[in-house]
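A lone chain, given as structure tokens: the form predicted alone.
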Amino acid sequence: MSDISQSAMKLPGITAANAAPWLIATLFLLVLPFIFSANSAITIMNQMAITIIFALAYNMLLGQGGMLSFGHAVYLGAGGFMCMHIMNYVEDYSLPLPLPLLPLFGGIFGLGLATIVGAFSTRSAGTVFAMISLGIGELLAACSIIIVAFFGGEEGIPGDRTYGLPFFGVEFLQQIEVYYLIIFWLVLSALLMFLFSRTPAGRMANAVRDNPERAEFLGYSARRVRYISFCASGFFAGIAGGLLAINLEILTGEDLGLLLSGEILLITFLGGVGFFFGPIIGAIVFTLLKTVLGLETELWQLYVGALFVATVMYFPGGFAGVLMMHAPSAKLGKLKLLVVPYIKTLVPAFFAVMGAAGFFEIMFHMRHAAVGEEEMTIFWTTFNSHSVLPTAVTIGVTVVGFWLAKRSAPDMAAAWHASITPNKPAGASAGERPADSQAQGGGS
């Protein structure tokens, strides 16, 4: 039997071609605070970076190993709580531990917990694994209330990152300093997870996901492959938990509960589980919806849920899958064929969605607004929500936009098929393949 644990240590070579995207992304992350310099924007970017690490760690289970987990937030929360206790020990006993090393301890603790849980949960990747993960999530959520010494009960565990040993004179008093710390761990963790996906162990995780019986026939232990992926995922989830403790300086039971586990599942599906960069897109979109859209409306969860349902039904590959669908058109140089059909279809669809959102906002305001508060503002327009005209306008925009989008959808589908169809070679007749014509020419 092949030794998968030894294969996991063999990293692929790094060339200039595959290193260029990482260098460009790192440079972009370094200059991003100079573009969005407000503290609120940096706070959102910090949360976004932590979510990306957690989403990539979760994708090691779902996307690469085919293991659907309903309680993966327990490894993030466990690593975060351990880092919070270490942070308090550093303050109380003046331990010489720099703050940038703290996420590593969170990863080690997450790895330890995943080692224990994975020993009995990775025997299969189907319903049994999903139910065990759900049970572990419920168990740890209950323990967060019962074991007050470690989890702090309902109040949680607070901490102060500024009392640690300064790191080259940096005391992490400002959000920009925390941002660069998180970005360092983001790039390092993402690179290590990417390299793991290129190792024999990562490749075999894909094989076990697709056909575990065949992998067993070839001499590989499907359980051992899943166990390695599970432990690696727990390690990086713990790193995300340590960064969350540093960023928030307080953790509660909600940071390891089922709500966060459900969110990371939604994020991964939105981005695309079949692609490495899919969870990155999902984390960015979800964080923006939760923060920016959450400040504008109380119905943001309704819109996120509708987006998730639409993605699962019509775009199973997520946002990354939609982007990669255009790769054949780009290689053939036919993307320009899609511009006009996309405009004719997507613009009316956008207005239909905005009209439906306006209708829901008006209904919500009419139902929950205080007595006498009839004016509301949406889409930079103030009007009386109890009037019939605004409701009629939103319904009309929704119906007309949907009708126009549905009417132009066949043209968009035809343009799509034309964009991915290679051009016929010059001189080839209709229904005649180039090889056939060459064969006929050679025999004449």
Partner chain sequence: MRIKTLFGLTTALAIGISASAAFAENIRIAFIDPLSGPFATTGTNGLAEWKFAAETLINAKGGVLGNNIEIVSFDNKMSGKESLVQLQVAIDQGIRFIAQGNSSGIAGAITEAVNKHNKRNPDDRVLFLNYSAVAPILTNDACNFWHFRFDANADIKMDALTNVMAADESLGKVYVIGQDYSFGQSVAAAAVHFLAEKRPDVEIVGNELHPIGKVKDFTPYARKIVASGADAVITGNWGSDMVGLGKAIIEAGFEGPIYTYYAASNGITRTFGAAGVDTITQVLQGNTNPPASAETSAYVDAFEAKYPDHDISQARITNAIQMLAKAIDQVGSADDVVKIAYALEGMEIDSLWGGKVFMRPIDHQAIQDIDVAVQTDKNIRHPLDNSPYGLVTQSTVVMAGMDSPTTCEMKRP
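Positions refer to the first chain, counted from 1. In this text the structure is predicted, and so the values were computed from the model without any measurement.
Omitted from view is the form predicted together with the partner chain, to which the following refers.
Contact annotation for Cys83: none of its heavy atoms lies within 4.5 Å of the partner chain in the predicted complex. The partner chain is not drawn, but in the predicted complex it has no heavy atom within 4.5 Å of Phe105. At the 4.5 Å threshold, heavy atoms of Asn39 reach the partner chain in the predicted complex.
Contact check for Ala25: a heavy atom falls within 4.5 Å of the partner chain in the predicted complex. Only one segment in the set 233-241, 94-102, 169-177, 343-351 has any non-hydrogen atom within 4.5 angstroms of the partner chain in the predicted complex, and it is 169-177. This chain is displayed alone, yet in the predicted complex one of Val90, Val187, Leu338, Val285 has a heavy atom within 4.5 Å of the partner chain; that residue is Val285. Put simply, of Gln47, Ser408, Ser419, Thr398 only one has a heavy atom within 4.5 Å of the partner chain in the predicted complex, and it is Gln47. Applying a 4.5 Å heavy atom cutoff to the partner chain in the predicted complex picks out no residue from 213-242.
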